[in-house]
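First, one chain by itself in structure tokens, the form predicted on its own.
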Amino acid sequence: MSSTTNTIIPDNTEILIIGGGIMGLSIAYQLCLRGLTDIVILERSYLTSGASGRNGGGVRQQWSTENNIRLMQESVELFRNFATEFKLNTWFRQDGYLFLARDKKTIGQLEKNIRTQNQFGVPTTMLSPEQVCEMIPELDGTDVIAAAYNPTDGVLFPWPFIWGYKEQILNMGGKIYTFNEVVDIDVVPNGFVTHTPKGSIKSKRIINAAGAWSPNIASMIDIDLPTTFVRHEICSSEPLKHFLTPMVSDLSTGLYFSQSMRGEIVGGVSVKGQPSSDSMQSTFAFLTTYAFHLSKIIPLLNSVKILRQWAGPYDISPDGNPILGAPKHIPEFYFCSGFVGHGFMMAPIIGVYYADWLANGMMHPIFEQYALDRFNKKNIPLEKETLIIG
């Protein structure tokens, strides 16, 4: 069996995947399953050093657009089967997502979302304040006037998915090279030559799955990828006795939190007025904002100890939807970016779609819908996703 390595890379490969996060690993795994194992993954740091290793583990089907709802219905099924397929405990549990509303405008948006979700079989319902407090007696329901709840949404522990994908890729013959940063790409006849400090590699195809760093990779072949790196923070508390079942999100503040299997409260919040940067350092502004809102909504947590705090990048496209497929003038250079803060939860199904296309020629309509050229003024824009938290 091959091993993850930071040694000299091979001279050539059929498919080069740039980015060792959940997207790149999911695509590589699905390609290997279909017999296309001549794959190399290059990762600039360690696996999951970007957003994949810095997320809160939420998995939901509550969205405002049909595409995202359908994507997540399929992804949830893959998450459900992952533990059996990979023989790993993923701690995936479907205890629901609860979106709190404190004004009529938000209720109107949630009601619209629920109608769309119900249309496609997602069993979301609107709860009264009394039902919310019955579900979570510790929650201070002051000013909460309704909530959207889907019992089949859930939370998982991210890292087993990374470990599972990695081991299966290596077992099937794929190669993963960590600490190999891409510094330049040349477009050559019948493919590309990608340069790193530890060697150059020729490939027929490239998949740009570098997350928030994807624009840097695209610029190496003179493509302007209009995604933005936006920094978000998250933290985890000491373990507490279990009292919280669903993931909770307060749409008025951007606060979200859940309780892990081990009892920690894991959550984040929007911090208004804070300039974005590519720093992964923690800030006091986030911690004070989070503490204020969390203790207000769950007074029980007023004195809880925070054990860890970290930051990660959202990879945001202009319309909040992913950028997929390949540009017409460079048809073997594929995008996989712009997933905002929900790339991890969509990665399993995106891997299936890409593998079906590249290995079997079955191109899903999503690749045309989410093509880069949709941002041209002549094209009809996609519906903007509105239910984004954090």
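One rule holds for the numbers: they count along the sequence shown, beginning at 1. No experiment lies behind these values; they were computed from the predicted model shown.
Keep in mind the form predicted in complex with a small molecule is missing from the figure; the text below concerns it.
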Inset, instruction - Tell me, out of 321, 30, 64, 55, which residue has a non-hydrogen atom within 4.5 angstroms of the small molecule in the model of the complex. - result: 55
Legend entry - Residue among 40, 340, 358, 349 with a heavy atom within 4.5 Å of the small molecule in the model of the complex: 340
Inset, instruction - May I ask you to check whether residue 211 falls inside a 4.5 Å heavy atom distance of the small molecule in the model of the complex? - result: yes
Inset, instruction - Tell me, yes or no, whether residue 16 is in contact with the small molecule in the model of the complex, where a contact means a heavy atom of each within 4.5 Å. - result: no
Inset, instruction - Using a 4.5 Å heavy atom cut-off, state whether residue 326 contacts the small molecule in the model of the complex. - result: no
Legend entry - the small molecule contact at residue 191 in the model of the complex, heavy atom, 4.5 Å: no
Inset, instruction - Would you confirm whether the three residues 181, 256 and 345 all fall within 4.5 Å of the small molecule in the model of the complex, going by non-hydrogen atoms? - result: yes
Legend entry - Location of the small molecule contact in the model of the complex, chosen stretch of 113 to 121, 305 to 313, 141 to 149, 236 to 244 [non-hydrogen atom, 4.5 Å]: 305 to 313
